[in-house]
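Shown below, as structure tokens, is a lone chain in the form predicted on its own; questions about how it binds or moves come after it.
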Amino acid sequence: MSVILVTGGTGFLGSYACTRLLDETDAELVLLTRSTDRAGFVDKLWRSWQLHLSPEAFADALTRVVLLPGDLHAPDLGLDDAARQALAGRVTSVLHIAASLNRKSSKACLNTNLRGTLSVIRLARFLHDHGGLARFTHVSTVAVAGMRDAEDVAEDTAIDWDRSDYDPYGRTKKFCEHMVRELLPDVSKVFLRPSIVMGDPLFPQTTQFDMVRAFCAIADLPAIPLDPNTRLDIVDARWVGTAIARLHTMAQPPHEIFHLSSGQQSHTAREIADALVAETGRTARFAPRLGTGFDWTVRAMNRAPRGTMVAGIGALLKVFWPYVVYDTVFDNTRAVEAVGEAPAPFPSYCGPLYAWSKAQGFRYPHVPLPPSFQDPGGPTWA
């Protein structure tokens, strides 16, 4: 039986990848978590995984989940020698998903993406040297490609060290890939780079709202300051989670790097707007000549008093707008062939996502576990 050490298992993408791993494999999952007690861990995990599982299915899943108290920001991940030795005797692969998505904060990206990833790499080095690792998978981002303009980007040419980056997120994730290659040269590695991940084609609910809020704000503008022919590489979370699970556990992946994106099947702003019009009955008007003025407006909104709705929307748009207007897509041929299926077209589900998210006020209505729920416990070897 394989044992997979996962970071970020309680996050948005982590919930998709972990539940898919439990569904498609017989693996045990070791989840690094800052929770120090089982009850707190179960509650935190349920808040993330209830998007996918009933309480009964969640109880079944817990029998294959190991709680590993630790902290991405702590020295050696906060693990003592006994915990590291226990892991070395059992863990067969590492799936590193955890990351800071705070694109504005250099400090957050430095501490989580760089320092945290270095600690995960050092643990992987220890595990490999004291038992061996079948795989180290690093979930990265297409943002490592840096500043682009009307391009089609392939995996092996995405990183260009002479190219500037849009933000600290892309910059630190690019260097994370470099650290993995330099420090784990003898370990089988897979690098997975999602594009803009938004929504699920099977249901409108989501627990990740930053990009959704920015998408809705742009859609609600009386005039959208964007060329309607601009391509938007948006991919659904269900396909990305499936791809992460399958590529991580594949015995011999055909490549080392995969774009988890929509690639050449990406849709234009006009096609997405038409889908929203069909869902909401609203009209959509494009005014690309307003782009420069809109950019200045976003900057002004971002300077509004902190905590206000105007400042919040301004901050979101300031961060994501460069990734909207650069008309760049990331070839996903490798991933589609290896995974065995393609992502869902964003226009096919963007309407329900828009309507549900706005109706919920961009908050997920978490439901507590029923009083009758009993934690079955998980493997106790660590």
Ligand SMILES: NC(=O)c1ccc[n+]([C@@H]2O[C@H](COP(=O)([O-])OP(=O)(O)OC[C@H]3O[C@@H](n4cnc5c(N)ncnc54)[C@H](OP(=O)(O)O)[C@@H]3O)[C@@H](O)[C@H]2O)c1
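Just count from 1 along the sequence shown to find any residue number. All of these numbers come straight from a predicted model, not from anything done at the bench.
Although it is not shown, the form predicted in complex with this ligand is what the next lines describe.
Though the partner is left out of this view, L276 does not reach within 4.5 Å of this ligand in the model of the complex, counting heavy atoms only. This ligand in the model of the complex comes within 4.5 Å of a heavy atom belonging to Q208.
Using a 4.5 Å cutoff between non-hydrogen atoms, K173 counts as a contact of this ligand in the model of the complex. In the model of the complex, this ligand stays beyond 4.5 Å of every heavy atom belonging to G241. Contact here is defined as any heavy atom lying within 4.5 Å of this ligand in the model of the complex, and by that definition each of A99, T112 and V139 is a contact residue. Residue-level contacts in the model of the complex: of D71, E271, D200, D227, one residue has a heavy atom within 4.5 Å of this ligand, and it is D71. Stretch 189-197 is the answer when you ask which of 85-93, 248-256, 149-157, 189-197 has residues with heavy atoms within 4.5 Å of this ligand in the model of the complex.
Looking at 4-25, the residues that come within 4.5 Å of this ligand in the model of the complex, counting any heavy atom, are G8, G9, T10, G11, F12, L13, G14.
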